[in-house]
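The same protein chain appears twice below, in two forms, each given on its own as C-alpha coordinates and labelled structure 1 and structure 2.
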Structure 1
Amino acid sequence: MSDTLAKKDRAAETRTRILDAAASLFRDKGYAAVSLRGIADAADMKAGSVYYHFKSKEEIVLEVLNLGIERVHKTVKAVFDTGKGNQENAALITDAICAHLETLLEHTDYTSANVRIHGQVPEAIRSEALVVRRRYEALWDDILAHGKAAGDIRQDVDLKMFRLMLIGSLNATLEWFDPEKGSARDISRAYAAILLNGLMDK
(Lines of atoms letter the chains of each structure in order from A and count residues from 1; the text may use other names and numbers.)
(Lines give C-alpha, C1' and ligand atoms only; values in the text may rest on other atoms or scores of the structure.)
Protein backbone atom coordinates (compact mmCIF):
# COMPACT_ATOMS: atom_id res chain seq x y z
CA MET A 1 0.00 0.00 0.00
CA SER A 2 2.89 2.35 0.65
CA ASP A 3 3.83 1.35 -2.86
CA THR A 4 0.45 2.55 -4.18
CA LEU A 5 0.71 5.76 -2.23
CA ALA A 6 4.17 6.47 -3.61
CA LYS A 7 2.82 6.05 -7.12
CA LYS A 8 -0.03 8.44 -6.43
CA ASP A 9 2.40 10.92 -4.97
CA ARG A 10 4.58 10.79 -8.02
CA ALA A 11 1.65 11.26 -10.37
CA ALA A 12 0.40 14.19 -8.30
CA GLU A 13 3.87 15.67 -8.27
CA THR A 14 4.07 15.58 -12.07
CA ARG A 15 0.62 17.16 -12.35
CA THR A 16 1.76 19.93 -10.04
CA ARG A 17 4.92 20.47 -12.04
CA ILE A 18 2.83 20.95 -15.18
CA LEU A 19 0.46 23.34 -13.45
CA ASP A 20 3.34 25.35 -11.95
CA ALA A 21 4.95 25.68 -15.37
CA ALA A 22 1.65 26.67 -16.98
CA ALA A 23 0.81 29.26 -14.31
CA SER A 24 4.19 30.94 -14.69
CA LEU A 25 3.99 31.04 -18.49
CA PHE A 26 0.37 32.24 -18.57
CA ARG A 27 1.27 34.97 -16.13
CA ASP A 28 4.14 36.18 -18.31
CA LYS A 29 2.76 35.73 -21.83
CA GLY A 30 -1.02 35.50 -21.71
CA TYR A 31 -3.22 32.54 -22.62
CA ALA A 32 -3.09 32.30 -26.42
CA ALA A 33 0.65 32.95 -26.65
CA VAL A 34 1.52 29.92 -24.50
CA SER A 35 1.79 26.58 -26.30
CA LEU A 36 1.54 23.10 -24.88
CA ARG A 37 5.05 22.50 -26.15
CA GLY A 38 6.18 25.48 -24.09
CA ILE A 39 4.44 24.19 -20.99
CA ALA A 40 5.93 20.73 -21.52
CA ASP A 41 9.42 22.19 -21.97
CA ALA A 42 9.16 24.16 -18.73
CA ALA A 43 7.94 21.04 -16.94
CA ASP A 44 10.78 18.92 -18.39
CA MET A 45 8.60 16.69 -20.53
CA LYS A 46 7.53 16.21 -24.12
CA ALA A 47 4.24 17.71 -25.29
CA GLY A 48 2.55 14.35 -25.84
CA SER A 49 3.13 13.32 -22.22
CA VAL A 50 1.14 16.23 -20.88
CA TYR A 51 -2.00 14.62 -22.30
CA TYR A 52 -1.66 11.70 -19.94
CA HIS A 53 -2.34 14.14 -17.06
CA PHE A 54 -4.73 16.61 -18.71
CA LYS A 55 -7.12 16.15 -21.58
CA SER A 56 -6.66 19.63 -23.08
CA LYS A 57 -5.03 23.04 -22.73
CA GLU A 58 -8.40 24.32 -21.50
CA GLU A 59 -8.45 21.83 -18.64
CA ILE A 60 -5.01 23.07 -17.55
CA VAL A 61 -5.94 26.73 -17.64
CA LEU A 62 -9.19 26.16 -15.73
CA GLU A 63 -7.29 24.47 -12.90
CA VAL A 64 -4.68 27.28 -12.85
CA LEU A 65 -7.45 29.88 -12.71
CA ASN A 66 -9.31 28.22 -9.87
CA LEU A 67 -6.23 27.46 -7.78
CA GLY A 68 -5.27 31.13 -8.07
CA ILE A 69 -8.52 32.39 -6.64
CA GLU A 70 -8.73 29.70 -3.99
CA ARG A 71 -5.33 30.63 -2.58
CA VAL A 72 -6.06 34.30 -2.13
CA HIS A 73 -9.56 33.47 -0.84
CA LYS A 74 -8.09 31.25 1.84
CA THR A 75 -5.62 33.84 3.14
CA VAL A 76 -8.12 36.70 3.20
CA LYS A 77 -10.77 34.55 4.85
CA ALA A 78 -8.33 33.61 7.61
CA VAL A 79 -7.69 37.30 8.29
CA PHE A 80 -11.39 38.10 8.45
CA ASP A 81 -12.34 35.12 10.63
CA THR A 82 -9.57 35.93 13.11
CA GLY A 83 -10.14 39.66 13.28
CA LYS A 84 -13.85 40.27 12.97
CA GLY A 85 -14.57 39.71 16.65
CA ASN A 86 -11.86 41.89 18.13
CA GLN A 87 -10.39 44.35 15.62
CA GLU A 88 -11.35 47.86 14.60
CA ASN A 89 -12.81 47.83 11.09
CA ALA A 90 -10.09 50.11 9.72
CA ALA A 91 -7.42 47.68 10.93
CA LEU A 92 -9.40 44.66 9.77
CA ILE A 93 -9.88 46.01 6.23
CA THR A 94 -6.23 47.08 6.12
CA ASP A 95 -5.14 43.56 7.04
CA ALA A 96 -7.42 42.03 4.42
CA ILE A 97 -5.97 44.36 1.76
CA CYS A 98 -2.46 43.34 2.81
CA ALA A 99 -3.37 39.65 2.65
CA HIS A 100 -4.74 39.98 -0.90
CA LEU A 101 -1.87 42.06 -2.20
CA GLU A 102 0.92 40.04 -0.61
CA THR A 103 -0.49 36.80 -1.99
CA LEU A 104 -0.80 38.37 -5.43
CA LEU A 105 2.65 39.94 -5.49
CA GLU A 106 4.77 37.46 -3.61
CA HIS A 107 3.30 34.08 -3.02
CA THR A 108 2.00 32.54 -6.19
CA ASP A 109 2.05 32.66 -9.97
CA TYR A 110 -1.43 31.17 -9.90
CA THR A 111 -3.10 34.25 -8.49
CA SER A 112 -1.30 36.60 -10.85
CA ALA A 113 -1.98 34.31 -13.82
CA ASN A 114 -5.66 34.48 -12.90
CA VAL A 115 -5.66 38.28 -12.88
CA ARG A 116 -3.81 38.52 -16.18
CA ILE A 117 -5.58 35.91 -18.30
CA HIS A 118 -9.11 35.68 -16.96
CA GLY A 119 -10.33 37.94 -19.76
CA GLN A 120 -8.43 36.02 -22.47
CA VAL A 121 -9.61 32.43 -22.08
CA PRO A 122 -12.44 30.89 -24.13
CA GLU A 123 -15.88 31.86 -22.94
CA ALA A 124 -16.76 28.38 -21.66
CA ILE A 125 -13.71 28.35 -19.38
CA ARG A 126 -14.26 31.89 -18.20
CA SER A 127 -17.80 31.19 -17.07
CA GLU A 128 -16.66 28.10 -15.17
CA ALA A 129 -13.92 30.11 -13.47
CA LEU A 130 -16.45 32.80 -12.56
CA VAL A 131 -18.17 30.46 -10.11
CA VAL A 132 -15.07 30.32 -7.90
CA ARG A 133 -14.32 34.00 -8.44
CA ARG A 134 -17.81 35.01 -7.28
CA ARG A 135 -17.31 33.21 -3.98
CA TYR A 136 -14.23 35.36 -3.36
CA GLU A 137 -16.11 38.53 -4.21
CA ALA A 138 -18.83 37.51 -1.76
CA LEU A 139 -16.18 37.29 0.98
CA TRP A 140 -15.25 40.93 0.38
CA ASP A 141 -18.93 41.90 0.41
CA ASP A 142 -19.13 40.32 3.88
CA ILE A 143 -16.06 42.19 5.09
CA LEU A 144 -17.42 45.54 3.89
CA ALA A 145 -20.95 44.87 5.18
CA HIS A 146 -19.43 44.11 8.59
CA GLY A 147 -17.78 47.54 8.59
CA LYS A 148 -20.87 49.35 7.42
CA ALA A 149 -23.08 47.68 10.04
CA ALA A 150 -20.74 49.00 12.72
CA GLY A 151 -21.14 52.54 11.33
CA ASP A 152 -17.47 52.86 10.42
CA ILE A 153 -18.06 53.30 6.69
CA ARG A 154 -19.57 56.38 5.03
CA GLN A 155 -23.28 55.71 4.52
CA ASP A 156 -23.26 57.19 1.01
CA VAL A 157 -20.71 54.76 -0.43
CA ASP A 158 -22.04 52.13 -2.84
CA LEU A 159 -20.34 49.04 -1.40
CA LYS A 160 -20.75 46.88 -4.50
CA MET A 161 -18.98 49.49 -6.61
CA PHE A 162 -16.36 49.97 -3.94
CA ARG A 163 -15.64 46.25 -3.90
CA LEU A 164 -15.16 46.26 -7.67
CA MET A 165 -12.88 49.26 -7.41
CA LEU A 166 -10.93 47.79 -4.52
CA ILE A 167 -10.19 44.39 -6.06
CA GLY A 168 -9.51 45.99 -9.45
CA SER A 169 -7.04 48.48 -8.05
CA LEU A 170 -5.22 45.84 -5.98
CA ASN A 171 -4.92 43.53 -8.98
CA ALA A 172 -3.66 46.37 -11.17
CA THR A 173 -0.48 46.63 -9.06
CA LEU A 174 0.72 43.53 -10.92
CA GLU A 175 1.44 45.71 -13.94
CA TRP A 176 4.01 47.88 -12.20
CA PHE A 177 5.11 46.18 -8.97
CA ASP A 178 8.88 45.98 -8.61
CA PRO A 179 10.10 44.37 -5.37
CA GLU A 180 13.32 46.34 -5.59
CA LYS A 181 11.53 49.66 -5.31
CA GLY A 182 9.29 48.84 -2.37
CA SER A 183 7.98 45.77 -0.55
CA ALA A 184 4.50 44.37 -1.08
CA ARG A 185 3.78 45.21 2.55
CA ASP A 186 4.68 48.89 2.13
CA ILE A 187 2.50 49.17 -0.96
CA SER A 188 -0.36 47.40 0.82
CA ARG A 189 -0.21 49.86 3.71
CA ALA A 190 -0.13 52.84 1.37
CA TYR A 191 -3.08 51.50 -0.63
CA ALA A 192 -5.12 50.92 2.51
CA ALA A 193 -4.35 54.44 3.75
CA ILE A 194 -5.56 56.01 0.49
CA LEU A 195 -8.64 53.81 0.14
CA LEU A 196 -9.71 54.35 3.74
CA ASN A 197 -8.79 58.03 4.19
CA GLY A 198 -8.37 59.54 0.73
CA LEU A 199 -5.82 61.73 -1.00
CA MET A 200 -6.92 65.19 0.02
CA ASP A 201 -5.94 67.12 3.09
CA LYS A 202 -8.87 68.46 5.06
Structure 2
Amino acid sequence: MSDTLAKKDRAAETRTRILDAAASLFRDKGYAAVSLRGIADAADMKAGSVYYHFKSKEEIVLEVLNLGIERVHKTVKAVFDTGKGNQENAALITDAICAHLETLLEHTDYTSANVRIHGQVPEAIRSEALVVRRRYEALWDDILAHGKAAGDIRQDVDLKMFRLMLIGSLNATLEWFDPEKGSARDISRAYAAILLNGLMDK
Protein backbone atom coordinates (compact mmCIF):
# COMPACT_ATOMS: atom_id res chain seq x y z
CA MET A 1 0.00 0.00 0.00
CA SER A 2 1.35 3.45 -0.91
CA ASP A 3 1.96 6.11 1.74
CA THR A 4 -0.86 8.19 0.25
CA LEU A 5 -3.39 5.36 0.52
CA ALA A 6 -2.21 4.52 4.04
CA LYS A 7 -2.72 8.16 5.09
CA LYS A 8 -6.21 8.19 3.58
CA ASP A 9 -7.11 5.00 5.43
CA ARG A 10 -5.85 6.42 8.72
CA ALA A 11 -7.75 9.64 8.13
CA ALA A 12 -10.95 7.69 7.38
CA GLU A 13 -10.48 5.60 10.53
CA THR A 14 -9.96 8.73 12.61
CA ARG A 15 -13.07 10.39 11.17
CA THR A 16 -15.08 7.29 11.98
CA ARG A 17 -13.72 7.28 15.54
CA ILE A 18 -14.76 10.89 15.98
CA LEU A 19 -18.22 10.31 14.53
CA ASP A 20 -18.77 7.16 16.62
CA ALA A 21 -17.83 9.06 19.78
CA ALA A 22 -20.05 12.01 18.82
CA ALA A 23 -23.04 9.81 17.98
CA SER A 24 -22.82 8.10 21.37
CA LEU A 25 -22.59 11.43 23.19
CA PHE A 26 -25.45 13.02 21.25
CA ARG A 27 -27.57 9.94 21.94
CA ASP A 28 -26.88 10.05 25.69
CA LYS A 29 -26.67 13.79 26.39
CA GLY A 30 -28.53 15.59 23.64
CA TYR A 31 -27.13 18.28 21.37
CA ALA A 32 -26.50 21.27 23.67
CA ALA A 33 -24.59 19.35 26.34
CA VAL A 34 -21.97 18.00 23.93
CA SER A 35 -18.86 20.04 23.11
CA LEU A 36 -15.99 19.48 20.69
CA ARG A 37 -13.70 18.94 23.65
CA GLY A 38 -16.10 16.32 24.99
CA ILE A 39 -16.12 14.57 21.62
CA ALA A 40 -12.32 14.66 21.53
CA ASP A 41 -12.11 13.18 25.03
CA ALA A 42 -14.58 10.42 24.14
CA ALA A 43 -12.55 9.63 21.00
CA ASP A 44 -9.34 9.64 23.10
CA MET A 45 -7.72 12.40 21.08
CA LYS A 46 -6.78 16.06 21.36
CA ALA A 47 -9.32 18.74 20.44
CA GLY A 48 -6.94 20.06 17.78
CA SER A 49 -7.02 16.68 16.04
CA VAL A 50 -10.79 16.88 15.81
CA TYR A 51 -10.52 20.31 14.17
CA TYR A 52 -8.20 18.81 11.58
CA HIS A 53 -11.05 16.57 10.38
CA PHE A 54 -14.11 18.73 11.15
CA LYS A 55 -14.43 22.50 11.18
CA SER A 56 -17.12 22.62 13.85
CA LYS A 57 -19.50 20.75 16.09
CA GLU A 58 -22.23 21.60 13.57
CA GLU A 59 -20.36 19.78 10.80
CA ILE A 60 -20.04 16.71 13.01
CA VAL A 61 -23.68 16.66 14.03
CA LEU A 62 -24.86 17.02 10.44
CA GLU A 63 -22.82 14.00 9.40
CA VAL A 64 -24.10 11.99 12.37
CA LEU A 65 -27.70 12.87 11.47
CA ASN A 66 -27.20 12.00 7.82
CA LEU A 67 -25.33 8.75 8.43
CA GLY A 68 -28.09 7.43 10.67
CA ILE A 69 -30.66 7.83 7.89
CA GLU A 70 -28.40 6.93 4.97
CA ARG A 71 -27.57 3.52 6.44
CA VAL A 72 -31.25 2.68 6.87
CA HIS A 73 -32.04 4.08 3.41
CA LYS A 74 -29.37 1.93 1.74
CA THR A 75 -30.66 -1.28 3.30
CA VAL A 76 -34.35 -0.62 2.62
CA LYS A 77 -33.62 0.44 -0.97
CA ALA A 78 -31.74 -2.81 -1.60
CA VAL A 79 -34.77 -4.76 -0.36
CA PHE A 80 -37.12 -2.77 -2.62
CA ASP A 81 -34.88 -2.97 -5.68
CA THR A 82 -34.52 -6.73 -5.28
CA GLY A 83 -38.11 -7.55 -4.45
CA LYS A 84 -40.29 -5.18 -6.47
CA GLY A 85 -40.22 -7.36 -9.55
CA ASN A 86 -40.62 -10.79 -7.99
CA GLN A 87 -42.36 -10.47 -4.60
CA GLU A 88 -45.94 -9.95 -3.54
CA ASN A 89 -46.32 -6.46 -2.14
CA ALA A 90 -47.31 -7.59 1.36
CA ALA A 91 -44.06 -9.59 1.61
CA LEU A 92 -42.06 -6.75 0.09
CA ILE A 93 -43.40 -4.17 2.55
CA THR A 94 -42.83 -6.59 5.43
CA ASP A 95 -39.21 -7.11 4.34
CA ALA A 96 -38.71 -3.35 4.03
CA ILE A 97 -40.07 -2.87 7.55
CA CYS A 98 -37.66 -5.54 8.79
CA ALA A 99 -34.75 -3.90 6.97
CA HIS A 100 -35.55 -0.52 8.52
CA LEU A 101 -35.84 -1.81 12.06
CA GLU A 102 -32.86 -4.18 11.95
CA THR A 103 -30.57 -1.48 10.52
CA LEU A 104 -31.95 1.05 12.99
CA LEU A 105 -30.99 -1.21 15.88
CA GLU A 106 -27.67 -2.28 14.36
CA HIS A 107 -26.42 1.33 14.19
CA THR A 108 -28.21 2.38 17.33
CA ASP A 109 -25.89 5.24 18.37
CA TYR A 110 -26.40 7.04 15.07
CA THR A 111 -30.08 6.29 14.67
CA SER A 112 -30.90 7.01 18.32
CA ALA A 113 -28.95 10.27 18.12
CA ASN A 114 -30.92 11.19 15.02
CA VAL A 115 -34.26 10.54 16.67
CA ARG A 116 -33.27 12.33 19.90
CA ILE A 117 -31.54 15.49 18.70
CA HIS A 118 -33.12 16.25 15.32
CA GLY A 119 -35.38 18.85 16.94
CA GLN A 120 -32.56 20.26 19.10
CA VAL A 121 -30.02 21.24 16.45
CA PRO A 122 -29.85 24.75 14.92
CA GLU A 123 -32.40 25.44 12.19
CA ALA A 124 -29.73 25.63 9.48
CA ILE A 125 -28.45 22.14 10.37
CA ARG A 126 -31.97 20.76 10.57
CA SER A 127 -32.75 22.14 7.12
CA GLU A 128 -29.64 20.51 5.63
CA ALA A 129 -30.42 17.21 7.32
CA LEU A 130 -33.96 17.29 5.95
CA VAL A 131 -32.59 16.73 2.45
CA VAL A 132 -31.45 13.22 3.40
CA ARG A 133 -34.56 12.58 5.47
CA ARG A 134 -36.88 13.61 2.64
CA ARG A 135 -34.98 11.34 0.25
CA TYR A 136 -35.66 8.39 2.54
CA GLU A 137 -39.31 9.33 2.93
CA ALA A 138 -39.57 9.45 -0.87
CA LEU A 139 -38.26 5.87 -1.01
CA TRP A 140 -41.12 4.74 1.23
CA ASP A 141 -43.54 6.73 -0.90
CA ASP A 142 -42.28 4.73 -3.89
CA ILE A 143 -42.63 1.42 -2.04
CA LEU A 144 -46.21 2.16 -1.02
CA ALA A 145 -47.16 3.64 -4.40
CA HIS A 146 -45.86 0.44 -6.02
CA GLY A 147 -48.26 -1.58 -3.89
CA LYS A 148 -51.15 0.76 -4.55
CA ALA A 149 -50.58 0.74 -8.30
CA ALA A 150 -50.71 -3.05 -8.25
CA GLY A 151 -54.08 -2.93 -6.50
CA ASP A 152 -52.75 -4.47 -3.28
CA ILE A 153 -53.33 -1.33 -1.18
CA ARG A 154 -56.79 0.19 -0.87
CA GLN A 155 -57.25 3.25 -3.06
CA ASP A 156 -58.71 5.27 -0.17
CA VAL A 157 -55.58 4.90 1.98
CA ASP A 158 -53.62 8.14 2.47
CA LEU A 159 -50.10 6.86 1.74
CA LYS A 160 -48.36 9.87 3.27
CA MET A 161 -50.27 9.40 6.52
CA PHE A 162 -49.46 5.70 6.52
CA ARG A 163 -45.77 6.41 5.89
CA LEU A 164 -45.64 8.93 8.75
CA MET A 165 -47.26 6.44 11.11
CA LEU A 166 -45.02 3.60 9.94
CA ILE A 167 -41.67 5.36 10.24
CA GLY A 168 -42.68 7.02 13.50
CA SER A 169 -43.65 3.66 15.01
CA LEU A 170 -40.44 1.98 13.87
CA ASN A 171 -38.23 4.79 15.16
CA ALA A 172 -40.02 4.80 18.52
CA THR A 173 -38.92 1.17 18.99
CA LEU A 174 -35.48 2.52 19.92
CA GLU A 175 -36.96 3.72 23.21
CA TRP A 176 -38.16 0.34 24.44
CA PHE A 177 -36.50 -2.43 22.43
CA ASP A 178 -35.28 -5.36 24.51
CA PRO A 179 -33.74 -8.28 22.56
CA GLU A 180 -34.71 -10.63 25.38
CA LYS A 181 -38.38 -9.94 24.64
CA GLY A 182 -38.17 -10.58 20.92
CA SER A 183 -35.89 -10.08 17.95
CA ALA A 184 -36.07 -7.09 15.63
CA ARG A 185 -37.39 -9.40 12.91
CA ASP A 186 -40.16 -10.74 15.16
CA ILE A 187 -41.19 -7.22 16.11
CA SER A 188 -41.08 -6.12 12.46
CA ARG A 189 -43.39 -8.93 11.42
CA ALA A 190 -45.78 -8.07 14.24
CA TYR A 191 -45.82 -4.43 13.11
CA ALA A 192 -46.40 -5.50 9.51
CA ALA A 193 -49.27 -7.82 10.47
CA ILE A 194 -51.07 -5.05 12.34
CA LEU A 195 -50.38 -2.29 9.82
CA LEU A 196 -51.20 -4.35 6.74
CA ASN A 197 -54.08 -6.43 8.07
CA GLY A 198 -55.69 -4.04 10.51
CA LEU A 199 -56.77 -4.33 14.13
CA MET A 200 -60.48 -5.05 14.24
CA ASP A 201 -61.97 -8.44 13.49
CA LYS A 202 -65.04 -7.66 11.39
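Structure 1 provides the reference sequence; residues are numbered from 1 along it. The structure displayed is predicted, hence computed values, not measured ones. Definition used throughout: the rigid core is the maximal C-alpha set that superposes within 1.5 Å between two forms.
**Student:** Of the two forms I pasted, which one is the form predicted on its own: 1 or 2?
**Tutor:** It is the second structure (the form predicted on its own) rather than the first.
**Student:** Determine whether the C-alpha of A47 shifts by 2 Å or more between the two structures once the rigid core is superposed.
**Tutor:** Yes: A47 shifts by at least 2 Å between the two structures.
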